[in-house]
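Here's a solo chain for you in structure tokens, the form predicted on its own.
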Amino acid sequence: MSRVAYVNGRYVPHSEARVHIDDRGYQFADGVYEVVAIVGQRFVDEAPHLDRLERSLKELRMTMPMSRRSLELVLRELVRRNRVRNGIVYMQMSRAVAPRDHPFPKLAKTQVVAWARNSKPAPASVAEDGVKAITMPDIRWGRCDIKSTALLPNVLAKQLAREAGAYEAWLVDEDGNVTEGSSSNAWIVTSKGELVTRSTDEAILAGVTRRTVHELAKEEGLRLVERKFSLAEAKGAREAFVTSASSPVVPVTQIDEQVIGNGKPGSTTLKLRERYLRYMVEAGVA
């Protein structure tokens, strides 16, 4: 079955989906995006993802191109047409198509593209053995709280991770503190059993999966602390893991050359992973 995409009001074959050469998303990365997980043909945490989309648009002074309900219908139609049972739906909005010039065009019409696809489940080794993360300086811009398409530093970080045989790159600020991963939020479990993740500010993206794991951790009675933590503290932690819409609660068992804990996914991480996977099945509704 050929895939179907949505481009500015039309459903078209994925292979024929096009944006104009003067699209500001293409020329300036002047746009935002969101990714929502689909489990059993149901949307996981759709509402907070769309809340964040609207916030990102507002922060960049872009207009929502359609009503929220209309966007929800588009996303559902994409999932239906592409027969997505377990996977993701992706949406991207750019400011406008206009002659290339840095200032905003006077008559900016927000452009919309979206697509959906099935995804394979993570291999069992992810939960059984955990993954490796490398670290590198955080060279991103100062508004990482906006889910912008300006992702070149993230791309470079992920590529370096791939070349190093690692799953993720953890980004470290000039004070030696971990901000987040190139495409995920970072967590550690201290020797005292505290579950720690950086508090949300302009240095990190407020992950929707991060928010849900935060709530599930409270339900499980875990001691959760939102604060900065250093790379040294992370390397000395009892456990570590990352979260994202496409990779919920992935154990990190090595950071650079330092083995974390006993080198195996820890009990707190596995408990949260199991609890989140159950949440996806039971509460993954629009």
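One rule holds for the numbers: they count along the sequence shown, beginning at 1. Please read these numbers as outputs of a predicted model, since none were measured by experiment.
Beyond what is shown, the protein has a form predicted together with a small molecule; the following relates to that form.
Proximity of Gly207 to the small molecule in the predicted complex: non-hydrogen atoms within 4.5 Å are present. The closest heavy atom approach of Val35 to the small molecule in the predicted complex falls within 4.5 Å.
Put simply, Gly181 is close to the small molecule in the predicted complex: some heavy atom of it is within 4.5 Å.
Under a 4.5 angstroms non-hydrogen atom cutoff, the small molecule in the predicted complex lacks Leu50 among its neighbouring residues. Only one of Asn177, Thr135, Thr110, Asn154 lies close to the small molecule in the predicted complex, with a heavy atom inside 4.5 Å, and it is Asn154. Only one of Ala245, Leu222, Leu231, Leu57 comes within 4.5 Å of the small molecule in the predicted complex through a heavy atom, and that residue is Ala245.
This chain is displayed without the small molecule, yet in the predicted complex the stretch 208 to 216 from 208 to 216, 100 to 108, 76 to 84, 124 to 132 comes within 4.5 Å of it by heavy atoms.
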